[in-house]
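Quick setup: the structure tokens below cover two forms of a single protein chain, split into structure 1 and structure 2.
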Structure 1
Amino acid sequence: MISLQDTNRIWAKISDKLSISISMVAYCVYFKNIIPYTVRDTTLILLAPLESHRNVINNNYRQSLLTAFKACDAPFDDFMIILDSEKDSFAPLQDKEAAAETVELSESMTFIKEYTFQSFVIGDSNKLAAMAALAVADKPGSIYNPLFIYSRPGLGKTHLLNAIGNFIKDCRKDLEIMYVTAENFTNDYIYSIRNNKNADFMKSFNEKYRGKDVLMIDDIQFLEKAEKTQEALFHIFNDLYAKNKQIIISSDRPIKNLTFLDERLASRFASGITVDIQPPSFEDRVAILLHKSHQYNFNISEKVLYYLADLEKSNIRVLEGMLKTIGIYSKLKEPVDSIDFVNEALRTATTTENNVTIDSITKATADYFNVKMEDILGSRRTKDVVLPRQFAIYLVSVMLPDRPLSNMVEYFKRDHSTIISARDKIGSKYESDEHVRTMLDDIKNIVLNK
């Protein structure tokens, strides 16, 4: 029978593949806290913290997960998701089984070959980050060390990390690169503690991280509440830095906002160069659309590209998704030069391919704020419910613009003035409050990427 240790290791590989194939927001919301529980024949039993997580994964990500199984040559051909209340019906895998097994660490993530410096569209919002990334790739360990890149989801951070990796692999074949998520680094460290009496395992762990020329750790914010892992990373950082090895860290926020980080580790991160990627300007968004349209060989007029650039202002990934949708529909009409045609294509894709409904928007908002959907739709007026309710109302008005106001009144069980007030209040905050804008964009990405 497969051990808990091996199951966790295989799941780490599957998670890596999955994080590439779906949006990072969706991965973080729905898969971050999913853990392997046991195995029945060739079915992997996964433990989910919430019923909503199980439902979303089964309804929207079943095929993505099964595809990740095949990509990793996992010994499973199906999966089942259970909740904590159902664990008694399944016998969990035991740690003692793992002790007798051969332990292997997670492998370096594979670089996406399409993500290169040549395919990265440079504008004022990302110029510094692109220049720093290229300089590091050209002379790893000798300039800008460490390199700390941060940005909100969907702005190109992952593209730059992969571009660095692809450049080094092509031009410096003598260098060894390790590219992992903070989550997998944590898993490896936990395994090392469990097997601290296994000299071969400890040697493998040290070689994996201390023996590389370039160490890349993605999404460092996931080290929150992992104090011991931070300490281990601190010592590995010092060792690599002393040997002039390149260290690259990415995050969804600046170092000063990573308040959970050990002060020594935060100081090490800040000792090199910190670069950010801001939301692209209108001109940059148009340039990205032109580049992608040419890349995908879409026959779409500049008028339409300008229109798309004005529709989505803060997330390149969402913008590219809209372009691909229009590109698919363009096969029905060459070229695409009608705004009405574009709106119809996006509306059809939104309601069919992405299954965006008033329920899905409200459910995603409730999950994001960790409140119950029935509370948003109920009569409670406490602060922890009012804000999610206002967010949901605003998002419905933006993402389903054709929905009549009377329908929203009936759905949210609020009068017309309350619906209008919530919509306008949050709409105003979207323009003026970066934190609110980030939260709204994150929820929108969750809905669109299901």
Structure 2
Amino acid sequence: MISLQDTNRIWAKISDKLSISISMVAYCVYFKNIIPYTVRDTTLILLAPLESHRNVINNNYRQSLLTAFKACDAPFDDFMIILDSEKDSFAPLQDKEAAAETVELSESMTFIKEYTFQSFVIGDSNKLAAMAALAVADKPGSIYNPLFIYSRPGLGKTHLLNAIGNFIKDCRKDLEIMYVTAENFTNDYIYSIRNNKNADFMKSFNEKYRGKDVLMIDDIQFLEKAEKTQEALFHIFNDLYAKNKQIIISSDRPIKNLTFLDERLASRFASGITVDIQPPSFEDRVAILLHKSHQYNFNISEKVLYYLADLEKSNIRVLEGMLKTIGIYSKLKEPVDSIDFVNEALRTATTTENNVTIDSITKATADYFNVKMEDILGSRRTKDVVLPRQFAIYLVSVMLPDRPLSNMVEYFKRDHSTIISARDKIGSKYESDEHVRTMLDDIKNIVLNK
């Protein structure tokens, strides 16, 4: 599969040729605003700003463009021009890494080797999910069908799916496994519709998914808005289920929160077993760090690992990233055992947080709740501004821990006691109420520009 970068590079080459063959002026008038959008087989899909660009190019410059394709040895033998309004029927090209990942997973169906059951550190928070996954891997299609795994990002869903894949691949070579992200599944489906003049595409789409013994769909939440794809999935699901084939689905939220999901589909997903992975406890995090540190041969003292485990509480992927950063330092220098050293090493990774200001947090919160920033800082105490205000106070206290309370008192024009009670109230809700936690994390990410 060709990546966006490759396509852009080839298009730049084609543009050069074209600007010579049809004159620079004609190029500027008609082609300057044309951008490559995606690729279908050997057809390059171009995006034009106006209908008239498309008409002129199709009528007058078709041959010139095709000649330029040839002259550049471009891997296209035809092109098609679409407008912004038709964009939705075409899946955009992915960038290089994503494209590479797709190749790895959907084409040759190899799973990430490091993600096995052995490397999955089991703790209280993920015991159930791990056991269910192991049971499914052991006897696909018989006990827990479908298996629905959900957790917040970075807690090991993809790890478990890959572990199941690796396990089945090693032990049951006769079984065919299919791992696909919901996004790729959607793209695949759209593609087969686009080409449905040729009945083969639809057929091969059906064969591709219905002929499997184990079908894993990762990140099902990306099916949002893709109603037709949901319908296709519904039929595939029924077909596989009837044949006692294993279906595994992962999501970032429980089924009941996947509100966009068609009811028929939602109820089917819930008909098997639903397991969740909770954020790991402190001990789990240390265990994971120990395991990883050992796996990568890092020489890091336990003190440092404890410190790290305390730094990031909710996302193992982030935790692993920090561990790797420190690990590389540890290989360059002596064994890592000082906390200062850790802070120094991680500073580069966390500099973005330095851009966080009290204003940006308040602004992001106001935007998130769709209220005015002045209202949050104002004196109104209606319900619709009180909650955003409390959120903002909590977020400022968490994201800017060094800021003195008096400063916040001044900024929010509230008493010390009001600030403290708001901070603590939301703080306790963050721990107990998942909905609040999601909202707070979302705002945090907005502030951090993630």
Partner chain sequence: MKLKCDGLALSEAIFKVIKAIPIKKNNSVLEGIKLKAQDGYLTLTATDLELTITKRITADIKIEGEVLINGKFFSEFVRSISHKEIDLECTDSDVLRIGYGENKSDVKCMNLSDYPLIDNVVAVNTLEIQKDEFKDLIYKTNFSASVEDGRPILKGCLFEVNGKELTVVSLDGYRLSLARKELISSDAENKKFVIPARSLNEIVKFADEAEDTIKLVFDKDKLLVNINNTVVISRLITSEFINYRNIITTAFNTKVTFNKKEFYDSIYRATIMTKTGKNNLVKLDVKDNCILIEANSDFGVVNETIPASVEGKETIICFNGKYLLDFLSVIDEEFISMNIKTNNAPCIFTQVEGNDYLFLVLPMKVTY
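Take the two forms, superpose them, and find the largest set of C-alpha atoms that agree within 1.5 Å; that set is the rigid core. Numbering for residues begins at 1 and runs along the sequence of structure 1. Remember, predicted model here, so these are calculated numbers, not experimental data.
Asks: Quick one, which of these two is the form predicted in complex with its partner chain?
Replies: It is structure 2; that copy is the form predicted in complex with its partner chain.
Asks: Inspect the rigid-core superposition and answer whether the C-alpha of Pro75 shifts by 2 angstroms or more between structure 1 and structure 2.
Replies: Yes, the C-alpha moves 2 Å or more.
Asks: For Glu302, does the CA position differ by 2 Å or more between structure 1 and structure 2 when the superposition is done on the rigid core?
Replies: No.
Asks: Once the core is aligned, please say if the CA of Ile361 is shifted by at least 2 angstroms between structure 1 and structure 2.
Replies: Yes, because once the rigid core is superposed, the C-alpha of Ile361 moves 2 Å or more between structure 1 and structure 2.
Asks: Determine, in Å, the CA shift of Ile426 between structure 1 and structure 2 after the rigid core is used for superposition.
Replies: Once the two forms are fitted on their core, the shift reads 7.9 Å.
Asks: Look at the Cα of Thr42 between structure 1 and structure 2 with the rigid core superposed and state its shift in Å.
Replies: On core superposition, this C-alpha lies 11.9 Å from its counterpart.
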